[in-house]
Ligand SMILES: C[S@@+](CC[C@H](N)C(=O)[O-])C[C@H]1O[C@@H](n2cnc3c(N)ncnc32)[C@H](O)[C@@H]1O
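There is one chain below, alone, in structure tokens, taken in the form predicted alone.
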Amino acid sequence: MTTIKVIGVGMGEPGHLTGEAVAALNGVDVFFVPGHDPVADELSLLRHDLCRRVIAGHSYRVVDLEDPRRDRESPDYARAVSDWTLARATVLGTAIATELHGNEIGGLLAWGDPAFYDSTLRVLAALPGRSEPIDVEVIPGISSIQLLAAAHRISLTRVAEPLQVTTGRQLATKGFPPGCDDVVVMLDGDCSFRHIDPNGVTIYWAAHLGSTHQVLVSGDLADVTEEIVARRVEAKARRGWVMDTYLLRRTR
């Protein structure tokens, strides 16, 4: 049976790895790393560097994959993502079939934690038909959500209150979720917090969490909205891309 380890690597810093993740990295024979554009290529280089810094006394090799491009202009977002997932599964399935030999173990490095808005497990579930099953092992990682709370020195939850995790797209179309006063927002390239009623809302925002490029802003949403927009533009200009997330907290 083929074994693939999906390893959560936090934001790519060795210090973000759990002991279990370090052990898993040192047990992988072949890492599959996607890339195809400046952003993906930089993340690919970070994966290569992480392996070099953490793996000791164990030989391994890296197989770089040409990651299919997603149709970002399609009006049907869900269909575009589904098509992209299937295309990625085809590429990965071919690589697994041709690059893993004997009892070799394959590895995929997932940013943050594989459970939070990461496509790795979805791609593996969509692999085309194989003659033998794949045993998928998942090693959790430190997510940007956890790093956000630590950086701002806050708890994400309040006593007897729910917490919702959503996307910028959902926040923009549906607004502040009803019945929930604490909302973590991810994958927001349009600063959707600009379009909700800021009255009584505090925001805890961060970009490039856990890295030397980390940027933090917090305060009343009405007071810091423009600062966050400007800091996000600066962060993106500096690296050519930006990863950010934030907590919106409403005071009753």
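Residue numbers here begin at 1 and follow the sequence given. All figures in this text were calculated on a predicted structure; none of them were measured in a lab.
Beyond what is shown, the protein has a form predicted in complex with the ligand; the following relates to that form.
Visitor: If we take heavy atoms and a 4.5 Å cut-off, which stretch out of 96-104, 109-117, 171-179, 157-165 is in contact with the ligand in the predicted complex?
Guide: Stretch 109-117 is the one.
Visitor: Verify the contact flag for Ala235: yes if a non-hydrogen atom of it lies within 4.5 Å of a non-hydrogen atom of the ligand in the predicted complex, no if not.
Guide: Result no; Ala235 lies far from the ligand in the predicted complex.
Visitor: Using 4.5 Å between non-hydrogen atoms, is Ala207 touching the ligand in the predicted complex?
Guide: Judged by the heavy-atom cut-off of 4.5 Å, Ala207 is in contact with the ligand in the predicted complex.
Visitor: Would Leu65 count as a contact of the ligand in the predicted complex, using a 4.5 angstroms cut-off between non-hydrogen atoms?
Guide: Contact with the ligand, no.
Visitor: Indicate whether the ligand has at least one heavy atom within 4.5 Å of a heavy atom of Leu187 in the predicted complex.
Guide: Yes, contact at 4.5 Å.
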